[in-house]
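Okay, so here's just one chain, in structure tokens, the form predicted alone.
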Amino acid sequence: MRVAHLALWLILSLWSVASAQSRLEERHVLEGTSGRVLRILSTADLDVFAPYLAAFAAENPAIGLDYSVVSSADLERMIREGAGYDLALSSAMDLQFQLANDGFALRYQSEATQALPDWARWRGLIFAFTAEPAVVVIARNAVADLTIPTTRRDLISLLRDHPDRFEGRVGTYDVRESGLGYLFATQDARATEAYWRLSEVMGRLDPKLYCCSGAMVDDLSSGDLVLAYNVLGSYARERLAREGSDDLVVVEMQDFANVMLRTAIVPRQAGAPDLAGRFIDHLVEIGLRPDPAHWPLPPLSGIGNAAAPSFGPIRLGPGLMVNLDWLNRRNFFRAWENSIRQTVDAAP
């Protein structure tokens, strides 16, 4: 019987490892000199996060780095399942907050984290290190003779009045698959009734649905899309700067802007929580810098007055969990499908 139990344990362990590996979108390893390795699970594409890894490695050559990229929904599931990572970095604030609130995060405190404003940390469990607005990205050739929209109502009018330019070439998040997409959508719906009208108008244009900002920016660059809604501005601007292109316009809506705080937690199963804390300090110190400098992700200081109703960070707090309630999620998915998809099967 004990042999059978051992065999079953081995099978389940191997299945868990294989399942986790299958979810990885990217992986990057930097060797250290001491044999100690910090394992990081993150939603940030390597293209934008590589400078942060390189800077930490230069300052801490003894520490190896094992950096894996997954979707925000997969990150949340993997941490709950006990995947062996020391640090979890995510753009989905609500999922990170729920992990911390449910006991899946270790406490950490340092001079760096104490320097964070109150709205950028919560109970020594979750720490923000960037503030990134959601934006609209538009191909110049699609609006060459038109006025670029600056509000959601302007955007509704543009799409409704010129369907020939946008049919099959509008992109946004699949909120059922993307944790960040769901966060942005629920915040939009809470802030303005125009969100549902915009969703209906996009739904008539056969929109393409995405897991992540990086994929939307790829298709904007290739010309497969001419407009993407609720893209992370940092991803769009980093790509434009890297390619030296002026074919795309990044627009921050003036009626209001959702500003996501990218956050870090130390999972309770972390094998090297001290290294995780050191990396959090590294990120926070960069995030508190007074200017963007050469870093791809915007600083916390770039958002101005955090209390401004039209342009401020989504708040870290229990309010984030309202839309994670199973019934609320189901109802939102149904309403979203009826508007932006209009012909899909019932929500899962």
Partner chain sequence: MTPQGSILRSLTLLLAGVAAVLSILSWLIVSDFARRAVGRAQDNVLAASVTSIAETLRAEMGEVQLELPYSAFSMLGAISEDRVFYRIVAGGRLLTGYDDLPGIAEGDLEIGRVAFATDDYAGETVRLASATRIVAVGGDPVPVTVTVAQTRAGITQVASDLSRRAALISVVFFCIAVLLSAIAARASLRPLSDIAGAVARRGPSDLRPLHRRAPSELSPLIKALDRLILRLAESVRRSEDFIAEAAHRIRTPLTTVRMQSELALREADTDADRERLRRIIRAVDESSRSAGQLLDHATVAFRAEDLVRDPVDLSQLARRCVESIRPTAQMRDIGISLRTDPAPVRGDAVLLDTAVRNVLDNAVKYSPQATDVLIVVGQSEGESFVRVRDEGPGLGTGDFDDLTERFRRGPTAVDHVGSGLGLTITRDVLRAHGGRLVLENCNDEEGNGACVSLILPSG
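Predicted model, so just to flag it, every value in this text is computed and none were measured. Residue numbers count along the first chain shown, from 1.
Separately, the form predicted together with the partner chain exists; it is not shown, and the next lines address it.
Do residue 338 and the partner chain come within 4.5 Å of each other in the predicted bound form, heavy atoms counted?
Taking the distances in the predicted bound form, the answer for residue 338 is no, it never comes within 4.5 Å of the partner chain.
Check whether residue 122 has any heavy atom within 4.5 Å of a heavy atom of the partner chain in the predicted bound form, and answer yes or no.
Because a heavy atom of residue 122 falls inside 4.5 Å of the partner chain in the predicted bound form, the answer is yes.
Taking the partner chain as it sits in the predicted bound form, is residue 325 near enough to touch it, meaning that at least one heavy atom pair lies within 4.5 angstroms?
Yes - in the predicted bound form, heavy atoms of residue 325 and the partner chain come within 4.5 Å of each other.
Using 4.5 Å between non-hydrogen atoms, is residue 81 touching the partner chain in the predicted bound form?
Residue 81 lies outside the contact set for the partner chain.
Among 218, 102, 252, 177, which has at least one heavy atom within 4.5 Å of the partner chain in the predicted bound form?
Answer to the contact question: 102.
Heavy atom within 4.5 Å of the partner chain in the predicted bound form - the one residue of 289, 36, 27, 315 that qualifies
Checking each option against the partner chain in the predicted bound form, the one that comes within 4.5 Å is 315.
Stretch in contact in the predicted bound form with the partner chain, which is absent here, among 222-230, 194-202, 102-110, 161-169 (heavy atoms within 4.5 Å)
In the other structure, the partner sits against 102-110.
Is any part of 177-202 within 4.5 angstroms of the partner chain in the predicted bound form by a non-hydrogen atom, and which residues would that be?
Stretch hits: a single one, 190.
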